[in-house]
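Shown here is one chain on its own, the form predicted alone, set out as structure tokens.
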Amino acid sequence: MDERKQKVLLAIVQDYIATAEPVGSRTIAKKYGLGVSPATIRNEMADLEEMGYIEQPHTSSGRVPSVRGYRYYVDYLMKKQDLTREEEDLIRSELETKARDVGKVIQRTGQLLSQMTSYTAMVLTQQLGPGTFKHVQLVPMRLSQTMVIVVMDNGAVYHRMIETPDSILASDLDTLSKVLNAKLQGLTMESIKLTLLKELYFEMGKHKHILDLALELIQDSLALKKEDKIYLGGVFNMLTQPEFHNVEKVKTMLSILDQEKLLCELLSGESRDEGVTIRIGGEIKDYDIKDYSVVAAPYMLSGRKVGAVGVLGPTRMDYAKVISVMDYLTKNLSRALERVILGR
């Protein structure tokens, strides 16, 4: 594609993303300063249509990008869009203030992603199957409440809030954590013998209630089978997009969002070990969701992928904005989880 065609395609994509209205040659000539006449632009648009990069809706004389056009734009024409200082501060501060509770961190991540993109956000937490016990931490949260956090060697993380007596001190919880880590690290559920449990109760008998709850969570974690969970944010955000004034499209969207397994497969399949991936319309194989795009990126724990964050939106998505938000958000999510789980 020569430079002038690239400029015309870029103008069409940018204008359609901004307005949701088919783009005509006069609009491009007036708004984008390409230095050529509307007639010349019409010729270039005819070539782009023949090449499959733009399409003509039957109700309009203007053109809209095709899936191929969006793909060319994302791969070759799209410029990096930096977040504002305020947007970066919002992400950092929100994840830092929620960074003592894994569940709230995940939930807030979805809310932030939806809020900042105006699309539906998805956060996938992956349970990676049975593994060995790696680390436990008992974290005092507020009066009479403690969070038990269990980390497995496969990267899976489990947590539960438990009630604790007022007499329990932070130093007691720290001691309990150390004893559990010393006794259980590297063990599978089958390796935790009755004799080992007796040793634990002998050493920590005065805190039997807390020990019971902590061991229950550890054993549940060791026994869990592979199961992915997905959290949605801004489910109805897309209803504000012009494309979804069509009732049938709304029904299709709600049907997609109601299928947790489908969404988990979309996210886990789209995100590689690192970086943002973009699937546009018909590129999403095996699913009849040609009017949508999925942008996904993994988040990490100690350099290992433990989940993915994604956005489901119309093909007329502001890809540059979404990618910038997701890239910054996943990096800060990874840091927040390391602070919560590993105390870093």
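One rule holds for the numbers: they count along the sequence shown, beginning at 1. Given the structure is predicted, the values throughout are model-derived calculations rather than measurements.
There is another form of the same protein, the form predicted in complex with the DNA; it is not shown, and what comes next is about it.
A.B. asks: Could you spot which one of 279, 305, 316, 42 gets a heavy atom to within 4.5 Å of the DNA in the model of the complex?
C.D. replies: Selected residue: 42.
A.B. asks: Find the only residue in 322, 23, 333, 9 having a heavy atom within 4.5 Å of the DNA in the model of the complex.
C.D. replies: The option sitting close enough to the partner is 23.
A.B. asks: Is residue 33 close enough to the DNA in the model of the complex to count, meaning some heavy atom within 4.5 Å?
C.D. replies: Residue 33: no, not in contact with the DNA in the model of the complex.
A.B. asks: Would you check, heavy atoms only and a 4.5 Å threshold, whether residue 339 touches the DNA in the model of the complex?
C.D. replies: No - in the model of the complex, heavy atoms of residue 339 and the DNA never come within 4.5 Å of each other.
A.B. asks: Mark residue 27 yes when one of its heavy atoms lies within 4.5 Å of a heavy atom of the DNA in the model of the complex, and no otherwise.
C.D. replies: Output for residue 27 is yes: heavy atoms within 4.5 Å of the DNA.
A.B. asks: I need the one stretch from 307-315, 294-302, 66-74, 50-58 whose residues put non-hydrogen atoms within 4.5 angstroms of the DNA in the model of the complex.
C.D. replies: This holds for exactly one stretch, 50-58.
A.B. asks: Spell it out for me: taking the DNA in the model of the complex, does every residue among 242, 255 and 290 have a heavy atom no farther than 4.5 Å from it?
C.D. replies: No.
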